[in-house]
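One chain comes next, on its own, written out as C-alpha cells in the form predicted alone.
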C-alpha cells in the first residue's frame, strides 16, 4: 500500500493540539485517511453552540434547538439552528472577499469588496425571522425524506448590512429582470468544484424589500462562520434557504432562477392538495414563498410539574412569514376552547412577536397547553399536522407542551 507523510510538521503540531495528544504514528497513516478524532469534531465547540442542541447530521452539519432554548427575544448564536447543504468554506479571508453582480438582466457587471459595501451604501439593522422550510418535518406521516427537524429550525437574530436593492440598483437593473440567483463559496459534498451545493434565489418583489439585506453582522458582531461569514443574504419570512450564506456572486435573471435546489421538488409543495404518500410530478409542484403562521411556547419546558392551584405563566414567539400575527391564543382542553394571550407588536416587519399568558388548571391531572397564532389575513394554525407533501415542508401545526398538576 502506498503511504505518505501524514502532514507537514507545522500542520501535525496543529492537529496534535486539536486531538489533545501526539499523533504517534502520524507519518504512517494511509493516503486519504482521516484520524477518527478529526472526522467528526465536537459541533458544540466548533460552532459555539449550547450542548443541549440536537445534531441531525454532520455531513453536512444540520443542528437544531429545542423549544425552551429559544426563549430569548433575540436569538443568540449558541441557540441558532444550522442548516447546510454542503461543506463550510475553508480559509476565508474577509479582507479580499468580493461580491460580483452579473446575469442577463444587469446593465453592467460589477464587483464590490466588503469595504466597498460598507462605505458606499447605508447600513441597516433589522430583527428577521428565519425558518427552515422543513421545520417540523418529523411529524409527517408517511415520513418525508430529509433532515427530521422537530420544532427548533427557527430563529430571530438582529442582522446588520446593506439593502440588496441598493446594491442591485447601483449595478443597474434591466427592465426584464424577474429573479435573482445567489452563488456562494460553500463546497459540494463531493468536493467537485463544478457543482454548487445550493444556489437559490427570489423574485424581484422580495429582493427589493427594505428588509432584504446583504448582511455582515449578526447580533452586533461579525457573522459566525457557520452562519455565513463574511457576507450572507437575509430575506426574512421566506424559507431560510432563500437567505444564502457565504455569498460571493448574485445573478440578476430574466427568468426564474434554475440553480441547485431550485428545480424539481426542492423547496416546493404540491400546487393542489394530495393524498398522503401520493407521488407528485415536478410540474405540479410550486415554489415556497412566504412561510405560514406559526408559534412556539418557549417557557416552560414541556413536562412541567405544578402544585394544585398554582398558575402557569407561559411565553413564546409567533410569526407569519410576510404577514403580522394578529391574534395569539392557548388551549388546555385539546383545542375545544381557546383563551387569548397577550401579544406584542413586532420590533420591525418580519421579526417574530412575543406572547405571554397566565394559565389556570381546574384540577389535578395531566394537561397539554397548545398555542395557536392567527395572521393578519385571518388564517390560523391548524391544530394538527397540515396537508401532507412529499418533502415534508410547512408543518405549522400548533405547538404543545405537557403539564402535570399534582
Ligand SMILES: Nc1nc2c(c(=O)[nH]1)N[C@H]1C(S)=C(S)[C@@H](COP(=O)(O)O)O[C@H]1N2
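It should be emphasised that the depicted structure is a prediction, and the values quoted were computed from it without experimental measurement. Numbering follows the first chain given and starts at 1.
There is another form of this protein, the form predicted together with this ligand, and it is not shown here; the text below is about that form.
Of the stretches 82-90, 289-297, 165-173, 110-118, only 82-90 has residues with a heavy atom within 4.5 Å of this ligand in the predicted complex. Put simply, residue 244 is close to this ligand in the predicted complex: some heavy atom of it is within 4.5 Å. Heavy atoms of residue 268 never reach within 4.5 Å of this ligand in the predicted complex, leaving it off the interface. The closest heavy atom approach of residue 198 to this ligand in the predicted complex falls within 4.5 Å. In the predicted complex, this ligand sits beyond 4.5 Å of every heavy atom of residue 235. Contact with this ligand in the predicted complex, defined as a heavy atom within 4.5 Å, holds for exactly one of 325, 101, 240, 314, namely 240. Put simply, of 285, 226, 151, 106 only one has a heavy atom within 4.5 Å of this ligand in the predicted complex, and it is 226. Shown without its partner, the chain has 182, 184, 186, 198 in segment 170-208 as residues with a non-hydrogen atom within 4.5 angstroms of this ligand in the predicted complex.
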